[in-house]
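Take a look at this one chain, the form predicted alone, written out in structure tokens.
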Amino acid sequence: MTLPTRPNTEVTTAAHDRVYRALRTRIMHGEVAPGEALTLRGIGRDFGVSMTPAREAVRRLVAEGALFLSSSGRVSTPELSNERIEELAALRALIEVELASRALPRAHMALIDRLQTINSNVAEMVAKRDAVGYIRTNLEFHRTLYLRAQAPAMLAMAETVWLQLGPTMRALYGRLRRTEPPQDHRLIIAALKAGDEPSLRLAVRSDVTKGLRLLAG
């Protein structure tokens, strides 16, 4: 007796979801430069899939604003205008300050210890001048805090903004030539320890907008 095979549609869906998640992570962490062109053939080759899963993954990422599809069919990461950078910075300030505020009542010492460990990893990536590692650990710091807010819809919105900003953040890192981890991370941790909501909101707002506004300036 032979076991039934999964329908091709299920296999294709699983493949496209895998490609979507992996490519989404690459873009969010700045592994793809602003304006860099992507092809379905190249995506299929990178992930070992056919054109159909690659096309579906690209379609989802275009819908999220992570990729841009031109009228000629060219797919690339967006090159953000100064106005768009300002808009996304403002969104980060609105959403992430609120997430941090909601997380504060649930900020137990285990969370604070975890944030301090992640911030040490951020410092290590800065010392190694690892741009992708810096973006990855920096977002891990913020996501770890915001998960305590227990506001999944709001966190999903924040992640969509991070996704749209990923390539630009990589360009920003190169411009800033950072030599030490963000000062605001230490201020965020201090505010969490003190249970100081106004200071927490101020530190998060400063952290998520300062660099982007330098880039747009």
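Counting begins at 1, following the sequence as shown. Everything numeric in this text was worked out from a predicted model, so none of it was measured.
The same protein also has a form predicted together with the DNA, omitted here; what follows describes it.
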{"query": "4.5 Å heavy atom contact with the DNA in the model of the complex for all of Leu111, Ser120 and Arg186", "finding": "no"}
{"query": "In the model of the complex, the one of Ala191, Leu40, Leu163, Ala151 near the DNA [non-hydrogen atom within 4.5 angstroms]", "finding": "Leu40"}
{"query": "4.5 Å heavy atom contact, His16 to the DNA in the model of the complex", "finding": "yes"}
{"query": "Contact label in the model of the complex: Val32 to the DNA, heavy atom within 4.5 Å", "finding": "no"}
{"query": "Leu172 within 4.5 Å of the DNA in the model of the complex, heavy atoms", "finding": "no"}
{"query": "Partner contact for Val62 in the model of the complex: the DNA, 4.5 angstroms, heavy atom", "finding": "no"}
{"query": "Listed range touching the DNA, judged in the model of the complex by heavy atoms within 4.5 Å, from 131-139, 97-105, 84-92, 70-78", "finding": "70-78"}
